[in-house]
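The chain below stands alone and is given as C-alpha cells, in the form predicted alone.
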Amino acid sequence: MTLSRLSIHHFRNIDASDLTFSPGFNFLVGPNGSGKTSVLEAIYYLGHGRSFRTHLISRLIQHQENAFILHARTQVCERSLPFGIQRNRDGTGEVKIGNDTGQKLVQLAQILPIQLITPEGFDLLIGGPKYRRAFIDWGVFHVEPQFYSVWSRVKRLTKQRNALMKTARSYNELRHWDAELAPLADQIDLWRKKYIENLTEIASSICDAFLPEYEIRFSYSRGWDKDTDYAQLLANNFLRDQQLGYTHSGPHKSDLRLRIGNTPVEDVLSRGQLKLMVCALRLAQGQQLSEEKGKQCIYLIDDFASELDCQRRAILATQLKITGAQVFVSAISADHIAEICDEKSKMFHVENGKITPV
C-alpha cells in the first residue's frame, strides 16, 4: 500500500501543490518553516482525519480561504484508489473515497495506515498512559475489524455510567449499564492482551538491533486487577466511584509498561536512545500489520536527524529499508539523509510553501 499522488490546496502555507511519489523513500528538504512538516501533516490528516500538531481547523486553512482540500491516490494490489477530504472553516467537511461522498473518517484510517515519528514523539515513552493506549489501539484497530465499534460503545457506556453515578441512590440503578459494559470491556482487554503478546516478539527483535546493550521488558496492564472479574469490580467499587465522580478502573486505564530491569526506560535511556526506542516500537507495529494482514503502513519521519548521531541514523535507515514500506522523511539538509538515498528515492526541495522535485 503506497501513496502515489497527493494534491494539497490551501493547507498551512501551501497554496497549491500536486506531487507524485516513489513507492520507496521520499525526502522533503528545506529550511525550518518552509512547509516540510506541513506535507507530512497533510498525509497524516488523510489517514487520521486530524492533525498531529493542532486541533484547531482554522490554523490549517490558509488565511482568507474558507477551506482546505487534500486529495490523493493510493496503490493497493496494482489498483488505484482516489480519496480525499475537505474541511471548512466552520468545522464542516466531506470525505470522499472513490466515487462515493459522505464517507466516514474511520474509513480513511483503514485505507491509509500511518506511523508517525516526530521530535515530540517521546510522549509515547515519557507521557501518560493515554499515549500508550493509543499506540496499542492503533494496532488492534487494524487487526480486529470489530474493535472500533466495541471500543466506541465502551467509551459511551462509561460516560453514561459516570453521569448516572452523580444521582444514583443505589447500585441497582447502574446494574443494567454494567451488565452491558462488563463483557465489552473484557473483549477489549482480550484483544489488547493478544496484540501486545504478538507485538512483543517483533519489537524485542528490533530493540535488540537498535539498543543491543539493553534488554527491554514489555508488560501489559489492563486497567484493573488481573484476578478480578470486571463486573464484580464495578459492583464492589460503586461507593468509591461515586465519591470520585467517575469510574476509576477499567479498559480506559490500561497501559503498556516498558522497563530495563525494574526501571522504566525513560529513567535509563538518553534522548537519542529514547528516539530509537520509539522508532523500534513504530517499526514493530508496521511489521506486525504486514505479517498479519498483508498490508504495509506508511512511515512519516519529521526531522530525521533530530537527536540522532551519524551511527544511529545509519541504524534507523537500515531498519527502514528492511521494511520495504513507503517512507516520507523531512530534513533540513540533504547531508542528513545521504545514507538512505538510492536510485529509487525521490527528493523534493521545500521553501516558502513551494515544493519542487529535485
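What you see is a predicted model; the values in this text were computed from it and never measured. All residue numbers refer to positions in the sequence shown, first residue = 1.
The form predicted in complex with a small molecule is left out here; the points below concern that form.
With the partner removed from view, the residue among S51, S306, Q296, S38 that has a non-hydrogen atom within 4.5 Å of the small molecule in the predicted complex turns out to be S38. Proximity of N13 to the small molecule in the predicted complex: non-hydrogen atoms within 4.5 Å are present.
In the predicted complex, the small molecule sits beyond 4.5 Å of every heavy atom of I69. When contacts are judged by a 4.5 Å heavy atom cut-off, H55 does not count as touching the small molecule in the predicted complex. In the predicted complex, S34 approaches the small molecule with a heavy atom inside 4.5 Å. Between 59-67, 321-329, 307-315, 285-293, the stretch whose residues reach within 4.5 angstroms of the small molecule in the predicted complex through a non-hydrogen atom is 59-67.
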